[in-house]
Structure formats: C-alpha cells, structure tokens
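First comes one chain, alone, set out as structure tokens in the form predicted alone.
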Amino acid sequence: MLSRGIISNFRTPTFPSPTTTTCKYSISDEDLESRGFFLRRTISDLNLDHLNSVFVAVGFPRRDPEKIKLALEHTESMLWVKYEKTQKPVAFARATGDGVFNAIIWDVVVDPSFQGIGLGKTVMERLIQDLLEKGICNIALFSEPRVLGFYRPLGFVADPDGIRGMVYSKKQKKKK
C-alpha cells in the first residue's frame, strides 16, 4: 500500500523562500565532498545499470535501462550522489511535473550499505529546494507506510485536508 504525502501551500516548508540565495542543509556540500560524496543533477555520468542495482537493492523491481533513460529525460529535477571510491550512485531522487504548479517525487533510494548517514535527507532537501526555486509549491510523493516518518520532518503530511491519492489499477479477469 502506498500513502501520498504533499507539501502544500497550507503548510510552511522548512526551507527558505525561493528568493533566499543561501540555504542551510543538514549536511553541507563541502562536508559531503570531504566524505567522498559528490552531488549530481544530470544523467551525463550516471551509469543506469548501477542505478538499477540500487533500485533492486532497496526492493524495487529491476527496470529496463532504456526505459530508465527515457524516464530520466522526462524528469523535471533530479539529484543523485556519487561515491568517489566506487564511482557509483549511492542515493537518488527525481521529480516530474508540469514545471509550473505541481511536481511528484519518485524513486527516492539510498543504497542499503549507505543508509543512516544522511544521504536520503541530502537528496530530498536539495530536490525540494530546486522545485521551490522554480516556483513549484505543490509537491507530492508516494511512500510505503514504513518510511512515512522519514518524510514528515521534511515538510510532508499524509492526506492533507482529507485529500486521498488514487492510483489506476486495471484488475485482470480471472480465467475459468
């Protein structure tokens, strides 16, 4: 079951307004780099097979690399973390949307061997800030119930004002 979280105009985000030129993140870019982690915002040096391995490691299904590439080419904003020692992605998140009002965050993953050191929060803080700087204030995501607690401190609320997300699901007819 997936739950829907939204940052809406009714709740003040925990980030500075888009007009602010500096933003305080929980882990600075400099601190990340000193630990061997480098932030990336394009697919130019992202190895899709390595990204797919991270997806699989966190329980996502393996995806066709050509479809991943196509999805990333249609992505509004993305952020991923490359680990210097391996040159592989260890954290990733992306957002799609209309580029004006709405965005949905997808594929938030952190390699299990790098979880618990702030990389998930690192990508989410910066991705949200990127969207807010574009003037996009209606930011939604889908999350498994077991990780809702991760998103709440970032400003997300489940079912704000009674709003419920719905997903199209065509059920297969049982064969006789």
Partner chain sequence: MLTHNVATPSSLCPIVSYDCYRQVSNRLLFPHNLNHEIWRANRKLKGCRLKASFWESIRSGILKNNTAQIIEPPSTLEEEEEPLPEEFVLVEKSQPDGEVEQIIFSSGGDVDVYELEALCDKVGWPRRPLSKLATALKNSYMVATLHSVRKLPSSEGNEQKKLIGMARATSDHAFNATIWDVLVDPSYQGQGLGKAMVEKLIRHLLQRDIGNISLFADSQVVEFYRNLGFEPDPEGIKGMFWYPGY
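Model, not experiment: these values are computed from the prediction. Numbering follows the first chain given and starts at 1.
One more form of this protein exists, namely the form predicted in complex with the partner chain; it is left out here, but the text below deals with it.
Peer 1: How about Lys85: is it within 4.5 Å of the partner chain in the predicted complex, going by heavy atoms?
Peer 2: Contact with the partner chain, no.
Peer 1: Using the partner position in the predicted complex, report whether Gly135 sits within 4.5 Å of the partner chain, counting heavy atoms only.
Peer 2: Result yes; Gly135 sits at the interface with the partner chain in the predicted complex.
Peer 1: Is Ala140 a contact residue for the partner chain in the predicted complex, using a 4.5 Å heavy atom cut-off?
Peer 2: The answer is yes: Ala140 has a heavy atom within 4.5 Å of the partner chain.
Peer 1: Does any heavy atom of Val109 come within 4.5 Å of a heavy atom of the partner chain in the predicted complex?
Peer 2: So Val109 does not count as contacting the partner chain.
Peer 1: Specify the contacting stretch among 110-118, 63-71, 24-32, 40-48, defined as having any heavy atom within 4.5 Å of the partner chain in the predicted complex.
Peer 2: Comparing against the partner chain in the predicted complex, the contact stretch is 63-71.
Peer 1: Hey, which residues along 150-166 are within 4.5 angstroms of the partner chain in the predicted complex, non-hydrogen atoms only?
Peer 2: Contacting residues: Tyr151, Arg152, Leu154, Gly155, Phe156, Val157, Ala158, Asp159, Pro160, Asp161, Gly162, Ile163, Arg164, Gly165, Met166.
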